[in-house]
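Given next, in structure tokens, is a single chain: the form predicted alone.
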Amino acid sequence: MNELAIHTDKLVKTYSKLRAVDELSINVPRGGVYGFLGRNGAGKTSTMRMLLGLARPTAGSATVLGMSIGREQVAILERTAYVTEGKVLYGGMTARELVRFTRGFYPNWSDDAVARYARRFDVPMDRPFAQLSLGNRTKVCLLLALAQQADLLIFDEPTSGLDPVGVDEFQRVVAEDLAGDGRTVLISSHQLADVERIADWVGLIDNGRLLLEARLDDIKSQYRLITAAGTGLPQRKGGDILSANSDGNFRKYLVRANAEAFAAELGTQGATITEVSPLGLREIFLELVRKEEPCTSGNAGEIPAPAFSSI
């Protein structure tokens, strides 16, 4: 069996002159939780829509649960649950009516799961969807997705509008019910601290390109931020050096391995190492998408990093 639930190979999506997804290659292992992270407009939703057959790739290819997107889309949808960022359903229908309407489309549908998650999330079952708050609309969408008993669940901002109790319950469901049952979860969210609590893997994209893909355990044990002071410090990227950003009179290097060796190398170049610190997802996110400062007298000759668009 293919050990990857999702694999993309140089996936591209363009809209007129905008390259929303730019030769993206990601690997989502089966049976785990994958945090798919990026700023607004980074290409996350476009990627998910292509995986689900809701948008056609401009170039490249992808497989979902071992099946090719496009050619085997119906089979993919039968085994995949999707919660969109917009949380839009038929406004005049209640959650109970939406359950009756939806169950016939999914071969593994579970009415027991409906009853269980309706209780756990305290879902209002008998009010029209359009009259619900954002949090309650989110609960209804999660209920319908979880009842499908899908092999793959794709969540786009799944906790929008939920209160802290609802967020905690969702995290428990993902960690205990879904991942614990061997199913695969892809989560796109701006709530980095929430993703960090439940993810096994993370993929970070910006401007449609993959900046980082790694196990969360590896990030915690190996990734470090080195802060150095000095003149003529290198703006070196590549290999284990993921980013090099200026911060006033200091230069910060994000490294994924061999931090001590690189810090020692900087020391031989006259740098003063002020800090070598572990990182969480938020710090890594900020370092990788941060714009480089323009050249100044303190960093003459350095080439500014490309400016990142927020489109």
Partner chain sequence: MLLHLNPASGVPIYLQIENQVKHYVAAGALGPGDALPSVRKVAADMRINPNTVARAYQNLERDGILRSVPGGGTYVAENPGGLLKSEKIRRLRPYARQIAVEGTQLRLEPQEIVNLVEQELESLEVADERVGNSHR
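Quantities reported herein were computed from a predicted structural model and do not represent experimental measurements. Numbering follows the first chain given and starts at 1.
One more form of this protein, predicted together with the partner chain, exists but is not displayed; see below.
Exercise. Quick one: does residue 116 come within 4.5 Å of the partner chain in the model of the complex, counting heavy atoms only?
Worked result: Answer no; every heavy atom of residue 116 is more than 4.5 Å from the partner chain in the model of the complex.
Exercise. Taking 4.5 angstroms as the cut-off for heavy atoms, does residue 160 touch the partner chain in the model of the complex?
Worked result: No, residue 160 stays farther than 4.5 Å from the partner chain in the model of the complex.
Exercise. Is there a heavy atom of residue 199 lying 4.5 Å or less from a heavy atom of the partner chain in the model of the complex?
Worked result: Because a heavy atom of residue 199 falls inside 4.5 Å of the partner chain in the model of the complex, the answer is yes.
For this session: Using a 4.5 Å heavy atom cut-off, state whether residue 234 contacts the partner chain in the model of the complex.
Result: Looking in the model of the complex, residue contacts with the partner chain do not include residue 234, since no heavy atom lies within 4.5 Å.
Exercise. Though the partner chain is not shown, can you say which of 176, 72, 111, 122 has a heavy atom within 4.5 Å of it in the model of the complex?
Worked result: Looking at the other structure, the residue within range turns out to be 176.
Problem set entry | Selected contact from 180, 86, 92, 239, since only one has a non-hydrogen atom within 4.5 angstroms of the partner chain in the model of the complex | After the contact test, the surviving option is 180.
For this session: Just one of 60-68, 273-281, 245-253, 36-44 has residues with a heavy atom within 4.5 Å of the partner chain in the model of the complex, so point it out.
Result: Every other range fails; the passing one is 273-281.
Problem set entry | Residues of stretch 145-175 in contact with the partner chain in the model of the complex (4.5 Å, non-hydrogen atom) | Heavy-atom contacts to the partner chain in the model of the complex: 168, 171, 172, 175.
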